[in-house]
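Starting off, we have a lone chain in the form predicted alone, written out as structure tokens.
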């Protein structure tokens, strides 16, 4: 059984700290040796992706120290315990099983006589069968007409991941003739969010998915009531237009208000739930179950790589440990995720939640304070848009921000134009290549306003094309990276107590049980 220790108690971390500022990446990427480094500092990922870390501040010495840290922190042992059903979520006394929704990596996990892999597969089949019947016109509205739109009602992990994945595959599905239904999302309790979506759809031909594990999420139930009211006013029966994704014990599970219920459980947290019914129902309806299956296959293949004890053959663990070096040795406070693919426009927003909700902690998994920094601030936008937005600070600002680029050799749609001897896709790829070198090497100029110090580290994940399989591998890579970092920091990366206090106080405000500052703020907002 693995031993859980704080990072600052590990001998290998003490050795790693001695390597602060060990590598000058401007020098390392210069000349012919720089070209060789770019070719060598790469490791394969699943679904044709590769992780290139040539522009990171590492060399063989740093990588060797990171490998020793991985061994001493028992990262692979802890991962094995996780996917074999150990109680890794100590805050809520739960197992962590989102990998099992993709594939069984280890031993059967049985809870109360139920094989959890079989449970997840059964729910995936239930979602697939429902989607196929909708597409075939076997499940219709009351007039016998096909549904054309699906709307997901959920917040947090019930929205961010599925929304990012839908946007990522929407145009691919259209180009590959797998697009079945348009999908939209309602998440914010702001009534303008629901109203805007409802005015953009044909209510009579719309399905609504209510996603809430507990069946008690305030924002989701409020938006559900908003939708039901709109359906009723349009002369439609809400129960003929709604399905639920929830737990078997929630108030939604057996309700006649829904066409069906797809079940989830307590062992897959919201921000990791895109591979469960939370993402499976809407993606199967939008693109067909086969496309969702391809996404799961890509994720499962990446998970398999994450089981490798050899750091240089485990891209997820390697990315995680380089991130530990940047955060805890180099002292960098944030990380930018920069996909050079418009289809991934909402992927950084999903990673914001996945990373910051998981590792934004200052106590370890036993509830004891830690004496080192943990999760970085995550932000990002797609390139090249970001270049004309916040890259100024990234290039010349006072803080060094590590960068994670994502790029593809080919566009999703294959529609392009050649202007001035290059296509738009070539221009896009030229920009990301140029940015990596510009950030690392900089440019000297006597005019300090035009001087670039460089030495800004980055990595890039490169693929042939963004497909369901490569998207699944990309999703799993970042989830596993976050998991490994949480293991190194000795955190519980699978609860989220930080979101609870505001909810509690909001309920007090709505009950008019306030005093002091809370009462005055409530009065200022006319509550």
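What you see is a predicted model, and the numbers here were worked out from it, not measured in a lab. Positions refer to the first chain, counted from 1.
This protein has a second form, the form predicted together with a small molecule, left out of what is shown; the following refers to that one.
Undergrad: Sort through 304, 385, 214, 330 and report the residue having a heavy atom within 4.5 Å of the small molecule in the model of the complex.
TA: Comparing distances to the small molecule in the model of the complex, the residue within 4.5 Å is 214.
Undergrad: 519, 17, 22, 503: which sits within 4.5 Å of the small molecule in the model of the complex by any heavy atom?
TA: Contact check passes for 503.
Undergrad: Spell out, yes or no, whether the shortest heavy atom distance between residue 456 and the small molecule in the model of the complex is within 4.5 Å.
TA: Close contact is absent here: in the model of the complex, residue 456 is far from the small molecule, nothing within 4.5 Å, heavy atoms only.
Undergrad: According to a 4.5 angstroms non-hydrogen atom cut-off, is residue 276 in contact with the small molecule in the model of the complex?
TA: Residue-level check for residue 276: no, no contact with the small molecule.
Undergrad: Check residue 298 for me: does it contact the small molecule in the model of the complex (non-hydrogen atoms, 4.5 angstroms)?
TA: Because no heavy atom of residue 298 falls inside 4.5 Å of the small molecule in the model of the complex, the answer is no.
Undergrad: Do residue 271 and the small molecule come within 4.5 Å of each other in the model of the complex, heavy atoms counted?
TA: Heavy-atom contact with the small molecule at 4.5 Å: present for residue 271.
Undergrad: Choose one stretch from 319-327, 406-414, 150-158, 109-117: the one whose residues place a heavy atom within 4.5 angstroms of the small molecule in the model of the complex.
TA: That would be 150-158.
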